[in-house]
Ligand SMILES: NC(=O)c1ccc[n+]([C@@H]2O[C@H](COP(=O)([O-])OP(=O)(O)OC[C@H]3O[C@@H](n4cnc5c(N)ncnc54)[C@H](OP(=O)(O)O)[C@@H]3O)[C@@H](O)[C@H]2O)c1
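In the block that follows, a single chain appears as structure tokens, in the form predicted alone.
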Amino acid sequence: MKKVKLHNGYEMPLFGLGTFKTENGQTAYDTVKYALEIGYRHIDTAQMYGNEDSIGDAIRDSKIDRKDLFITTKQRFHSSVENMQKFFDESLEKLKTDYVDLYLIHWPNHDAKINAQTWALFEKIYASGKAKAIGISNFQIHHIEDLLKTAKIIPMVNQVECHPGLTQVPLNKYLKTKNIQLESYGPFMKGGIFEGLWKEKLGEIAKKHDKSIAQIVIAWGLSRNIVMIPKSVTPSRIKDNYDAQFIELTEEELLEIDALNRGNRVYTDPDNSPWGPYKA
């Protein structure tokens, strides 16, 4: 499995399993357990998903050495330093681990001062060794610029909506100047890649490789050095997604997929998001 070295030297697998909307309990447990059995080593979750406990059970029962796994979780919302420390400690307890490999601010608050306060706590968590890397999610360029005015540590990762309809080229260009790794969520556009111009072009490329459209999208992201964490609870698709790591697309095919960008956001706009509130 290919890895990318973050700016602090820590290695992150380029491919993993997303668990958004994966129901806590047997579904989350079975999904993660199966993924680990077939070779996945990178699991992405969040406090907001409500499934950390079952994921922790699956990781524990997999018997895989902790150092061979990469576990990401995300802070649910902004609050007092005391509350946010409590949220983090609860995540470790649910995930049944002494540390996470990556801890992310899930959504930016619309107040830059609140983001700065949250990030200061993240820096302390990082210094404690309980998060091997820290980063952000859904941050636009202006959010990052504001954060860097007070940050002592530059975020290592920015996880954002990224797919053939929203390639995030300008954002990624900016991130590279700061040595921040781009990570994609929602690579299948809520099914949009199976419709319209995306289906037509991606289907054409998929046919050449005797692969599925979903696999081509994963291969495209990985070829662009974007961390890909597609979500599925269906064993056959979990396996197909895993196998997409080994597809080699030509530069011409990559450019054809790049050209499908329409700035088509299918998830929440971070500048109008209700998901980054401050709760006392």
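Counting begins at 1, following the sequence as shown. What you see is a predicted model; the values in this text were computed from it and never measured.
What comes next is about the form predicted together with the named molecule, which does not appear here.
Comment: the named molecule is not present in this chain, but in the predicted complex one of Phe88, Trp198, Phe122, Phe188 has a heavy atom within 4.5 Å of it, namely Phe188. With the partner removed from view, the residue among Arg41, Arg60, Lys33, Arg237 that has a non-hydrogen atom within 4.5 Å of the named molecule in the predicted complex turns out to be Arg237. Contact between Tyr29 and the named molecule in the predicted complex is not found at the 4.5 Å heavy atom cutoff. Put simply, Phe20 is close to the named molecule in the predicted complex: some heavy atom of it is within 4.5 Å. When contacts are judged by a 4.5 Å heavy atom cut-off, Val233 counts as touching the named molecule in the predicted complex. Remark: Phe70 does not count among the residues lining the named molecule in the predicted complex, judged by a heavy atom distance of 4.5 Å or less.
Segments offered: 146 to 154, 201 to 209, 179 to 187, 80 to 88. Contacting the named molecule in the predicted complex at heavy atom distances within 4.5 Å is 179 to 187.
Contacts between 61 to 100 and the named molecule, taken as any heavy atom within 4.5 Å in the predicted complex, involve only Lys74.
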